[in-house]
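Next up: just one chain, as structure tokens, the form predicted alone.
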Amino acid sequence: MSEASLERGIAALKEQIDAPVAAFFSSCTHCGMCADACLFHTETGCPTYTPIYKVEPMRRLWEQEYTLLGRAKKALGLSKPITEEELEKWQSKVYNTCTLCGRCSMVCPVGNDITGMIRKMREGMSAGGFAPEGLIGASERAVEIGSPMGVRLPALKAQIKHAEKDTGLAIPMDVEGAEYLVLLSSMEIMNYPEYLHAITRIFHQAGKTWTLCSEAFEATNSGIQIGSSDIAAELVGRVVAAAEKLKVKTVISPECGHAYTAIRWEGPNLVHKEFGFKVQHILEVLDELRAEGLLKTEGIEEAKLTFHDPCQLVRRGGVVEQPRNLLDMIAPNFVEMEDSGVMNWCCGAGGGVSANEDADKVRNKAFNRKKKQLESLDIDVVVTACANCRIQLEDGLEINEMDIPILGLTEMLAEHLKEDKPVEEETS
């Protein structure tokens, strides 16, 4: 690192200290409630993993630059300047032990958005070159290739070919005027291609028009994870351009948490304009189809199952009732986790944590919180609606030798689609 990098990082942190951040720092009562809401703190017992402590360099910068007492302490040499070594040390706290899940913000007694502050902290870290190599690489691939995992269009076309063969249905690409533009995450393309099979069959049954876009099929937004609004805006902008070019009514975010946050909640602010289309998560669309009588299922899941609430979708995105409405169609043996819904515990891999190899040890330890939740239920299957959560759940359960299948809700619904019978069969 160079002195110039440090200066860029500090300048970027200063830019993030706006009126809300100043108010948050001023109002923090140091009660420690956020610590008990963070699985990285509860499962490790490490006091430096307390959420509010993760933004300590930014808090000290605010104090030194924008408060009378802080400026006096700085002038007298009683307040240490932020150093390169300190930011390097803070990299693991900011990127490895925070998934931006938002649970800490939910319990703050004075309403501080601690998660938002950590996101701002990442902006400074990223600008100064203090982000982890894994996230830097993912972000570079996202900008250059269009996918953080390096998935290119030929790979998607190969999966489309398989899905068309398996379903007997054509998968539309670059169709102008379709009702829905469907986005995918790299994980769904490579790890869970059954998602593409599922939506193909569901939209066919519902009689809805939809399309993929060859120029913007990826929903994952590495800019949100690394803390670079410029990268986040570039990636969102590609989706916006595709939606406008194809004149679609709705853009559908896939089973991916931060993709939904990026395009639905932060998108218009990132690209500095109002969208001319609606943005919905796939579960919101499926629930609308259910309410309209267009999602027809038959049979039930006999297994006792539960739903893992993805943080960005449920707690921070507000999609709480929709997955439960959908599960009610096919899962009479559904049971809720303790602390379910908006207070559910994070899987431990979001916010780019899973991209950092040096975070593996603490990530696996943090999974003990989810392990305890599942052990208390004695369930047969876990259902979720985020590909990143799904991979973390599969890894965590394997490490802990817990034989519990993990299924995506969209694909589970597709397995229970009611097949229309031919007219002659119905009247015979």
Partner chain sequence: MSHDETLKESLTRNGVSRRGFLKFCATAASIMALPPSMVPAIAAALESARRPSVIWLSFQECTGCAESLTRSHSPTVEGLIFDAISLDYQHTLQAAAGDAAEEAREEAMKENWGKYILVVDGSIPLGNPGYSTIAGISNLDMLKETAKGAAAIVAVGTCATFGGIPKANPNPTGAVSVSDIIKDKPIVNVSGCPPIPVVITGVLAHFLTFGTIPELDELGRPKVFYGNNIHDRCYRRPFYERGEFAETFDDEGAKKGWCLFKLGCKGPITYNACATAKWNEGTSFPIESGHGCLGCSEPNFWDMGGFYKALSQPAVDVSQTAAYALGAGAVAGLGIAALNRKKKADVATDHQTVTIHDLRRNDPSKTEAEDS
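Positions refer to the first chain, counted from 1. Note that the coordinates shown come from a computational prediction; the quantities given were computed from them, not determined experimentally. Just so we're on the same page, rigid core means the largest C-alpha set that superposes within 1.5 Å between forms.
Only in words, not in the display: the form predicted in complex with the partner chain, which the text now covers.
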Candidate site 301, 405 and 417: all three near the partner chain in the predicted complex by heavy atom within 4.5 Å: no
Just one stretch in 171-179, 323-331, 228-236, 195-203 has heavy atoms within 4.5 Å of the partner chain in the predicted complex, so which one is it? 228-236
In this chain shown alone, the residue from 140, 357, 215, 166 with a heavy atom within 4.5 Å of the partner chain in the predicted complex is 140
Just to confirm, residue 400 within 4.5 Å of the partner chain in the predicted complex by heavy atoms? no
Contact between residue 82 and the partner chain in the predicted complex at 4.5 Å, heavy atoms? no
Residue 307 near the partner chain in the predicted complex, any heavy atom under 4.5 Å? no
At 4.5 Å between heavy atoms, is residue 375 in contact with the partner chain in the predicted complex? no
Taking the partner chain as it sits in the predicted complex, which residues of 101-138 have a non-hydrogen atom within 4.5 Å of it? Please list them. 126, 127, 128, 129, 130, 133, 136
Once you line up the core, how about residue 64: does its CA shift reach 2 Å between the shown form and the other one? yes
